[in-house]
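The chain below stands alone, shown as structure tokens; this is the form predicted on its own.
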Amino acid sequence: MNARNLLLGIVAAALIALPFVYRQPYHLHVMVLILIWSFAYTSWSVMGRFGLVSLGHGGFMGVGAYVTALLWNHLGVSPWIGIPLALLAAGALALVVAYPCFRFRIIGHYFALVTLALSGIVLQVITATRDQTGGSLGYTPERTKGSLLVALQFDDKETWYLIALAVWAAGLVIWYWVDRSMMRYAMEAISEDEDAAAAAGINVTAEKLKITLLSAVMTALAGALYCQYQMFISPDTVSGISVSLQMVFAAVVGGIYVALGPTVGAIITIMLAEGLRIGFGTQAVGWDNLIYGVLLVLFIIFLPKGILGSLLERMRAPGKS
């Protein structure tokens, strides 16, 4: 076993043991949120790193959260079944929106605008169907009177930490799998020149659809898990343009081309939101989105590779000289 694998094993063991050694509820709660949002941001970066800038991922996250909760409340469908159905719904929505875009070569800022419309449409549908979804007031999955495992409802933070940790790790595995697959080389060629990629035998539409579908389904899973953990969702917390922009901000600030970049972005966004909530209470509502916007512009201009990406570049620089 080399030193790298040994280090990874030690880190993994420490992360798994953490909730059994350190049981402070609030801190575990914050760590669960960081892990769930890290997975969501990683989901966006899987697609965004290849130039497919989506502003509609808030819509996919909303679909994952609301479909799971609605199936449970209205039909009694366990989240173990409801979550896969929610992922299918998000995947179908991604295909409906993405296929015409890729088929008719809608790229760049035009693609971003289409996905922005998607995010807004999902938000409006949730708000308009308030008799079923609770609208802007939010929606609460019903507490089970039976098995907590069947309902995927756990009261202890330790269980949710381990679930969130497993999902976060799965997100990193998927990121590395894409990074080391032929899909990466195909998408890089497509992002450079679609015509040249097509001439080289790459099915441009199919490759872009695959990465978009993967990203959308992962994001929907993050929404479903967030819903089950918080036991309350609203259009503002799991859907809409603000959530989509939050994903873009976190991925860019942390480092869109680094596997752990979105995790760094999640630490920043969650700590910022919690700091504002504790320090200013209701007076700080909306401040986090304002700060995200300002910082996003500054990072794009002065630190385009993000915090982690820039640090890794500096660490490698002496070896190149």
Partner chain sequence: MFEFFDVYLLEAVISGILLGGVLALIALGLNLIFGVIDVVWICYAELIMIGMYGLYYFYSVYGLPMWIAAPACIALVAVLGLLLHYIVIQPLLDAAPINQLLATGGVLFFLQSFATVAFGIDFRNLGIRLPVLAIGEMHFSFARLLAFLAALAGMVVIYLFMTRTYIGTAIRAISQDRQIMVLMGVDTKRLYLVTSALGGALAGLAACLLVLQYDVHPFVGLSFGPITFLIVVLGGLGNFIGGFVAAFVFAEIISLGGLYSDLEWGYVLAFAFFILMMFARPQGLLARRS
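Positions refer to the first chain, counted from 1. Everything quoted here is computed from the prediction, not taken from an experiment.
What follows is about the form predicted together with the partner chain, which we do not show.
Trainee: Just to be sure I understand the contacts: of Q246, T133, Q228, T212, which is the one whose heavy atoms reach within 4.5 angstroms of the partner chain in the model of the complex?
Mentor: Contact check passes for Q246.
Trainee: Given that the partner chain is left out here, which of L149, A196, A170, L113 has a heavy atom within 4.5 Å of it in the model of the complex?
Mentor: It is L113.
Trainee: Establish, in the model of the complex, whether F104, L290 and G293 all lie within 4.5 Å of the partner chain, using non-hydrogen atoms for the distance.
Mentor: So, yes: the whole triplet contacts the partner chain.
Trainee: Hey, in the model of the complex, does V21 get a heavy atom within 4.5 angstroms of the partner chain?
Mentor: No, V21 stays farther than 4.5 Å from the partner chain in the model of the complex.
Trainee: How about G120: is it within 4.5 Å of the partner chain in the model of the complex, going by heavy atoms?
Mentor: Taking the distances in the model of the complex, the answer for G120 is yes, it comes within 4.5 Å of the partner chain.
Trainee: May I ask you to check whether P25 falls inside a 4.5 Å heavy atom distance of the partner chain in the model of the complex?
Mentor: No, P25 sits far enough from the partner chain in the model of the complex that none of its heavy atoms falls within 4.5 Å.
Trainee: With the partner left out here, check for me: in the model of the complex, does some heavy atom of L260 sit within 4.5 Å of the partner chain?
Mentor: L260: no, not in contact with the partner chain in the model of the complex.
Trainee: Using a 4.5 Å heavy atom cut-off, indicate which stretch of 198-206, 177-185, 234-242, 75-83 touches the partner chain in the model of the complex.
Mentor: The contacting stretch is 234-242.
Trainee: Sequence order please: the residues of 29-66 with a heavy atom within 4.5 Å of the partner chain in the model of the complex.
Mentor: V53, L55 sit within 4.5 Å of the partner.
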